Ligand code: GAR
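Shown next as structure tokens: one chain only, the form predicted on its own.
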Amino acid sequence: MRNIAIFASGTGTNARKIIEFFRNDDTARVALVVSNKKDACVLDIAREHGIAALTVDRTTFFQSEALLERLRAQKIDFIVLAGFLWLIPPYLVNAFPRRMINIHPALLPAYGGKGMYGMHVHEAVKAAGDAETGITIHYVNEHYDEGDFVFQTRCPVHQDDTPADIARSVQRLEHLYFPQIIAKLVSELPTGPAI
């Protein structure tokens, strides 16, 4: 059984879909939810499903490797960033090479980088007049949204769509494809623990 950790900062809609997807899976499960916000709704989702939850503060996350000990204790094999807004520090990237992915609500390399998340992305897509947008799932490295791509898919942007309409279209793609891509990548992991 492979153990997945989800890192999230907000409402946890993707986290919920991932948890539900793996709930009856006999090859992988969500074993830990990590958030950088004490009041993040994703922590409630973890508790609702009986999943261990952890809140990290900025100092501990960036200036120590204490989080690695918790990940080792939970025997985490794979990390999923699902709306986690902090840049991942080098110690964590190095501990989980090609075992950590992020989802971005646009077709990278467009609309990526620091500050480009959530509605900011959809507003930028609308302002540019793009005819399509989509999602990018990519490996995590030490820079925002620059890791190798794993998967992209697209959806149309209609002329009368608002940023909120675009967000709903993109979220449908996220909920459909993100759990499936995670399952595929986890099934392809080499044997043995990540760290």
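Everything numeric here is computed off the predicted structure, so don't read it as measured data. In this text, residue numbers run from 1 along the sequence as written.
Beyond the structure shown, there is the form predicted together with the ligand, which is absent from this document and is the topic of what follows.
Colleague: Contact between residue 130 and the ligand in the model of the complex at 4.5 Å, heavy atoms?
Modeller: No, no contact at 4.5 Å.
Colleague: Is there any non-hydrogen atom of residue 116 lying within 4.5 Å of the ligand in the model of the complex?
Modeller: Flag for residue 116 set to yes.
Colleague: Whether residue 103 contacts the ligand in the model of the complex should be assessed with a 4.5 Å heavy atom distance threshold; does it?
Modeller: Within the cut-off, so yes.
Colleague: Is there a non-hydrogen atom of residue 179 within 4.5 angstroms of a non-hydrogen atom of the ligand in the model of the complex?
Modeller: Contact with the ligand, no.
Colleague: If we check the ligand in the model of the complex, which of the residues in 123 to 149 reach within 4.5 angstroms of it by a non-hydrogen atom?
Modeller: Read in sequence order, the lone residue that approaches the ligand (within 4.5 Å, in the model of the complex) is 145.
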